[in-house]
Structures are given as structure tokens and as C-alpha cells.
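One chain comes next, on its own, written out as C-alpha cells in the form predicted alone.
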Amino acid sequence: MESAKIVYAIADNIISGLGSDTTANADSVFAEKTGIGLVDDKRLYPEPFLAQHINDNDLEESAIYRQTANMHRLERLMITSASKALSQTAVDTRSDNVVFIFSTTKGNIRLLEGSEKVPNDAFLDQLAKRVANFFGAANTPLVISNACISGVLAQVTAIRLLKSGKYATAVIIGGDELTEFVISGFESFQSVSAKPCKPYDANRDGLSMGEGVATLIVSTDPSLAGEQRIMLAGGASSNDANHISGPSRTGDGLFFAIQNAMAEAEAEISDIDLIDAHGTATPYNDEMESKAIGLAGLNEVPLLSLKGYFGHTLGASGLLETIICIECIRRGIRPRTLNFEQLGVPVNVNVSTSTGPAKLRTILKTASGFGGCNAAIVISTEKSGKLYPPETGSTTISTCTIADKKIWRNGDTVYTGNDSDDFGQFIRGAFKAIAQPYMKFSKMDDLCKLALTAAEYLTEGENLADCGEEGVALLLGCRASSLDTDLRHQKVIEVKEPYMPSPAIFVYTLANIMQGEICIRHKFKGENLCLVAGSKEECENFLPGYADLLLAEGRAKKCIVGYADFLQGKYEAELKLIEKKP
């Protein structure tokens, strides 16, 4: 297939507490109507709380929703959303030119309730396969689970796969539910506001929770684009390399993602008509974003946060908010940042304070999340982005494998644990044998210890400092995501008395934290991607080719690619350090 240049947004759908289609949701935003209200449901949380919540009764009129009554709620919502989006197109989901890409942070996490073991349906790849199989998908679906940037990063991934010609169409589906698991975790950080959130405001004191499902279909087929051609012109990701639960104090990580997304889109500062940022209304997130926007020279561009309408919808947020941005372009309306009154961030950004007509041609969408991850995309009617260079392939510099209390580097055994060691003893000994004392190591969960130790052996003797801050990309896959730590958090919240969930545990209930720990340790600020797949083989079928794209485009000088998985004492890691062929 020839390289494709232009990625068009061809159809979409949003399901939230504001409605079950894009029109209803956008109408509410433009009418400055919030979906955030008091939720009193002890199945979700012991005490009433503020959030944006989907009323399932409103979906009973949907034949697809009724048809999928035997499936889990999130799957039903995803299938309903995707069906509504697909009904607007002539896309044949059974074609091998179509790929399904999912963005979610916790998937069917409620299935852990009352369970000592992980039910098969709780694995993220199972959720994605059930939904994709409903539509007869020919290709194995991809699951991007990078904390709160998942929805934006799924779009970045789609842009690259389509521009490179690997597929012609991507059906991107994002979703997360309100659950006691998630609510209790954010409460443990004391990051949830008792009032509707106030992004960028001097009196902001935390986020509002929300749930939602969204579908965006993109294609390189111009015949599907419609009269007003809206394009995803460019995208990028990055890492702060600062802290797993706190954003950068300088904003440079998000700045790198913004800068690189705009470069791919061939967009100048003067082209950007609106920034729709993450805008969670937590003190440090909004502060960091203002600094990143200032570094990018975009502080005079109108700045929007949609969290006051939808709350923080986790894996759905980047996708849902992109679709609202597309509606802003279609209708020529710039919304107000709801609940904002007085600027309370260190850089004098231009927060949107009223809803009204505006000529919008190019919008920058950003997101940031735990693990220090950031992502940005450029949505435009005028910018189509650069043509991708042909892949040149890659070559392996070094490899590291960890399994069965042994470590191999480049095929040679370099460390062997004692037969009597449990995993904790083995991995501590292995890390100590190669690395300088590192106080953070003992605080990590087992997945992060495994991945970090593999990265230490992989990079031993390699001078990666020559690659520069953004020169090393980290592309990791897993099967169980963070389910091992998820079980620990679930057991804590089920105790009820005393009701004391731990932020030190909750922060590790995200698979991409293993990348954050590696980036912090080695100061890698380049591209990040966390793929949750059904097996190591599925990761190997995707990640090396994706790394080739980054290397061919000059987005990385070297890539750490591989698989790291841990669940209830069973573990395996296999990482490779690769570079472009000479």
C-alpha cells in the first residue's frame, strides 16, 4: 500500500451523562450545561459524591444496547457508541484495511470486586477482542493504556499507522466507568473537589470525576471525508521523567509533545486558534500546563478545558474532548471554560471565558497523566501534516530477558537467583548486582521492579546520553497490565473499616507506570507507548514495526521495545534496544 498523507476524521459518537450522541453532548457544552451532579449510589461509593454519570436507562431505546445485554456494561457502551459512529459511514469493519484501537485505563475493573483471582474478562485485551469481534474485525485490536493520555495517544497511534499506509481506516474507541476502585483511588490522593472543578482558577482545589465512552473513526479515504474536511494532522507523546504521580515543575515534557505534534502538522504558532488542554483543576497539573503552553509560545491562544462539563473521564477523556473540538470547528463556536473566574496559574495563559462564534481552523489538543506521560495532536481544516518517509528497518543493539530467576543479556546468562528465592528476593538481588543504590526501588510494585531491572541490564554500557533528552523512545507491552497491584488496591477498599485506600498502591494501578519509573531513572523524555495485548507474541507483532516508524521519522534515535508482565508471582520480561539500520 502506498504511503498515505492525510488522515480525515470521518465519523464520531459520544455517550456521557449529557447524551448518547455527539450532537446532544456538543449542544450541552455550547449551552454551558454541565453533566456533573450529585451521585448517590452505594454500589459506586459509600458516600454521595459529585461526578458526571451515564444514565443507562436513556440507552434502552438503542437496539444494540438491548442486543448486548449479556455483555459487561463498558462493552455494551463501547459497542453502542461504535455502532452509532459506524452507521454514519460505509466502512466495512471486516476489511483487513481496518484496525480497531482502544483507549482505557481500567476497563472492566469492577470484575475484581469480591475476587481473590483475576477473572479472564478483566484483562483489557479480552474487552477489546469482544468488542472488535462483535463487528467482525479482521485484525487483532490494539489497546493503548497510558493513564489519562490514553485517548489522545490512541489517536497519535492511529495517525502513524494510517499515514504510513499500514491501514486505511481506524475505529478508535475509548471508555472508562465510574467505579469504587477509581473513585477511592483519586480520593486517596485528596485530589477530588467537593465542588464542580474550576480549571486554571485561583480557587481550584481538585478534579471532578466522570465517565464516558467515545468513538472516532479516521480514514485516509478522501471519499469518506465529507465536505468540511477535518484532519488529524500530527501528534506526539513524551515523558516528564520527573515523578510518577506529580507533573513536571517546568512543563518541558508536555512542551516536547506540543512542539513535535505541531512540527509534524507543519503548524506555526499563528495557526493555532484554540488549545483544548487536559485542565483537570488540580493545582499542579494546571500549573504545569500553563508553563508548557508558555514554553511553546502559545500563551495568547484561547485556552479551553472541558472538565467542567464532563469531569475527568480517564481513558475516554482525550477522545471525547477531541470530538467536541471537531464540533467546535464544524459549528464555528468556541466554548467557555466552565467555572473559571480568576487566573491562578503562574503563566498568563488566555483562558476562554465566554461561549460564542469563532473562526476555528486549527486546534491543539493535549493530555497529561500519571507516570509523567504527555501527548498532543493537531486537529485542522487546513493542515494535513507531513508525508511519512518509507520505513528503513531497525537493528538490535542489545537484548535482555528475565524469566525463571535468571537474566540473559545478548543470549548470555548474566545473573542467576537462588532456587529458594521468591520473586522479591530474586529481583532485589538482580537489581543490586548491576545498579547503584536506588531508594525508590523498594517502593515500586513488582511489575515496575521487573521492567526497571530489565532496562538496567539492557542499557548497561550503552551511552544513551548522546541521544539527547527526547532521543530514546520507550515502547512496552504487557498482558496483565497492572492487575497484580489492582488486586491489592481492591482488597484494601473492600475492608471498609477503616476505609483507608493507599495512594502509594493506587498510583501503581496503571501499567504505564513501569515506563515512568524507567524514564525517571534514566531521564528519558522521548516517546512513550504502553500496549496491553493478549500475549508476548501480539506485542512482538506490533511494537517493533511501530518503533521502525519512529526511527524512520527521526522521532527517536534509539527505542527500547519489549514486553514486561507480572501477575501473582508469574513474570516474564524481554526488552530490546534498537536503532535505525545504517
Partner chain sequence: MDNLIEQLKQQIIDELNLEETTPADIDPAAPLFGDKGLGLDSIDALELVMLLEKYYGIKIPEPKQAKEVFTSVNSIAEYIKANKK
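All of these numbers come straight from a predicted model, not from anything done at the bench. Positions refer to the first chain, counted from 1.
One more form of this protein exists, namely the form predicted together with its partner chain; it is left out here, but the text below deals with it.
**Student:** For the interface check, one of 500-508, 77-85, 140-148, 160-168 should have non-hydrogen atoms within 4.5 Å of its partner chain in the model of the complex; which one?
**Tutor:** One stretch meets the cut-off, namely 500-508.
**Student:** Looking at S442, T392, N418, S270, which has any heavy atom no more than 4.5 Å from its partner chain in the model of the complex?
**Tutor:** Exactly one residue meets the criterion: S442.
**Student:** Given that its partner chain is left out here, which of W408, F189, F423, F135 has a heavy atom within 4.5 Å of it in the model of the complex?
**Tutor:** Contact residue from the list: F189.
**Student:** Considering only heavy atoms, tell me if I244 and its partner chain come within 4.5 Å of each other in the model of the complex.
**Tutor:** Looking in the model of the complex, residue contacts with its partner chain include I244, since a heavy atom lies within 4.5 Å.
**Student:** Might R334 be said to contact its partner chain in the model of the complex, defining contact as any heavy atom within 4.5 Å?
**Tutor:** Close contact is absent here: in the model of the complex, R334 is far from its partner chain, nothing within 4.5 Å, heavy atoms only.
**Student:** Taking 4.5 angstroms as the cut-off for heavy atoms, does R479 touch its partner chain in the model of the complex?
**Tutor:** Flag for R479 set to no.
**Student:** Can R110 be called a contact residue for its partner chain in the model of the complex at 4.5 Å between heavy atoms?
**Tutor:** Because no heavy atom of R110 falls inside 4.5 Å of its partner chain in the model of the complex, the answer is no.
**Student:** Who in 412-439 is close to its partner chain in the model of the complex, meaning a heavy atom within 4.5 Å?
**Tutor:** Those in contact are R428, K432, M439.
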